[in-house]
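To begin, one chain is listed below as structure tokens, in the form predicted alone.
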Amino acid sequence: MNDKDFSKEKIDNVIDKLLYSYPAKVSKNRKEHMLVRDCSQDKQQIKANTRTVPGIITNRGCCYAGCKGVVLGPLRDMVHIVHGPIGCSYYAWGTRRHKGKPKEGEQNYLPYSFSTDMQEKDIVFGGEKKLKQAIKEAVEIFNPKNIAICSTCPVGLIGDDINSVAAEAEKEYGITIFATSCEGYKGVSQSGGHHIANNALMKHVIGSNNDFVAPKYSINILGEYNIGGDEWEISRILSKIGYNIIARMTGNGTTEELRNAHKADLNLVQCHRSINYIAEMIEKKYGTPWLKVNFIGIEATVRTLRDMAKFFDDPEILSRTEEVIKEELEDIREDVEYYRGQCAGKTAFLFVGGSRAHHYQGLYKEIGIETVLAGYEFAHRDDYEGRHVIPDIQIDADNRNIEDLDVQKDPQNYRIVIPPQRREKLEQEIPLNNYAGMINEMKDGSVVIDDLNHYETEELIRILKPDVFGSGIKDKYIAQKMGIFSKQMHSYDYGGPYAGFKGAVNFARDIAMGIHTPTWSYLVPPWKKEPSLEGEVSYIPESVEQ
């Protein structure tokens, strides 16, 4: 077993040392973003969703990245025109591995990157004409049914009216065209972009096909982006049980599917942060309840499937759920036992966006790895502490910068899916319309840090020496240069799927290989071989010294 010291005294000393290195004002700020899990306390509060201290190297993304790169980008039947410099478009295209399989005859634009490629003259004189021309070319060349326009920082600064351009083009071409003002500087992180994208889909797409009739056991999968094929594995299991998936938001999803989403009986919320807005709005407008789910890890997947069966309360679904669980567990039992033997006693850091820093702790535990530190890049307090704290979260200028849609009951399509009395009972048994947050499931003495930065990452790795660092794209290289195996968990590097039962085996195999490869111990950063700075001390006159 691992002989590393993770006592409360050791952890407290580590936190104190981190804070001591900061100027007093910064130390006070960062202290509010850190805590050590103490299960004896009824309430532990952490600060989140606030601006990063200027000068600190953060690992966050921007508002545009959250809107186009995360939520809208995976829709495969939509042309996504990025109105801005070409670098912004490239950043949000082809890097996140949100895979998609088009059906026969279906439009698929995932392989393409569309941009207005704004130059200096466009920023000086305005880019609306260029955007109109880009829409015209997209329609003539690709004949899409749906176009989304995403703006980047320069557009917000010069004031191009992209919404008017979109409205005029929609009228001219007779297809769905909408714009999202998701300039990178809006909000404090990519979280603001998630909210903007949710609003756009709710305003322009969801509920636009009232002729659709949903079959029995109909569900939507929300906040699942098919990274490395996760959605394919989740859908395989759900279809095997007998569920009918109406729409995927948005991994392997389409705009045409989303038009029918309001007809489903239940919404499954995987990534709480990126999609909780739309789950709330759909329930308020159409009456569809949502269930917090987790398909990462074996126990979590089993628990989610049983929660779903309990919601539908149908003997056929209940029986089939248990049959599928038994079959799937038997298929992976030997592999999981083998990899648990390979990984037992190891420790991990988890600093990932979305809900992954929470979800993957269970999967690590199942293969014998203890998570000693976890945090999010762009979470809000409810992601850490649970949704019960939402009424207590203070609204600041950054939050007000993002439109908050006021949706009302749809008089034609609103329905009560389950009777109020049964709903009240279910809320006591399953996470229906609720998320308890990450902190509540963490081990006593583990560390929680919001918006972990470069300096803190390096110091914590040096002191606590984890065996694996589950990270984002930018911060993985810190760990690798320090000789620590880093698993990139935003787009899985070249791995996946990691969801569901078979995905758990894939993950266990990749982690075991990474931990036991000798490569990391051979890495020696160049600054350990030779000084990065060279100089000499000159003679200082006595008068100067005084």
Partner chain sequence: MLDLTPKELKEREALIINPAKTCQPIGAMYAALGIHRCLPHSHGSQGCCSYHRMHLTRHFRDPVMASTSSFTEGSSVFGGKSNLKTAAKNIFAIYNPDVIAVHTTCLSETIGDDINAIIADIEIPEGKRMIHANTPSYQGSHITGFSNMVKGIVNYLAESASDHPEVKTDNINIIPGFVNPADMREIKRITSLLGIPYIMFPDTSGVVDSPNTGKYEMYPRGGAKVDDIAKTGDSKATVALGKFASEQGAFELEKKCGVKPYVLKTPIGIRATDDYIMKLLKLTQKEVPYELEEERGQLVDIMTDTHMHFHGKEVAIFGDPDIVTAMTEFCLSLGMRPKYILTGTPGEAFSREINELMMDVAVNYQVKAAGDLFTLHQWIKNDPVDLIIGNTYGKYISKAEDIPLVRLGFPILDRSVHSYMPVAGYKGAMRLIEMISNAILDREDRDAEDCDFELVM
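These figures come from a predicted structure and were not determined experimentally. Positions refer to the first chain, counted from 1. Basically, rigid core = biggest C-alpha set you can superpose within 1.5 Å across the two forms.
Quick note: we don't show the form predicted together with its partner chain, though the next part is all about it.
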Stretch in contact, per heavy atom within 4.5 angstroms of its partner chain in the model of the complex, of 208-216, 413-421, 111-119, 380-388:
111-119
Contact assignment for its partner chain in the model of the complex, among L157, A167, L318, I393, heavy atom within 4.5 Å:
L157
One residue of V407, I463, I123, L329 in contact with its partner chain, assessed in the model of the complex (non-hydrogen atom, 4.5 angstroms)
I123
Taking heavy atoms only, is T58 within 4.5 angstroms of its partner chain in the model of the complex?
yes
Does at least one non-hydrogen atom of S189 fall within 4.5 angstroms of its partner chain in the model of the complex?
yes
Under a 4.5 Å heavy atom criterion, is G345 part of the interface with its partner chain in the model of the complex?
no
Contact with its partner chain in the model of the complex for D314, defined as at least one heavy atom pair within 4.5 Å: yes or no?
no
Using a 4.5 Å cut-off on heavy atoms, which residues of 62-95 contact its partner chain in the model of the complex?
C62, Y64, A65, I81, P85, I86, G87, Y90, Y91, A92, W93, G94, T95
Threshold 2 Å Cα movement between this form and the one not shown for W527, core superposed
yes
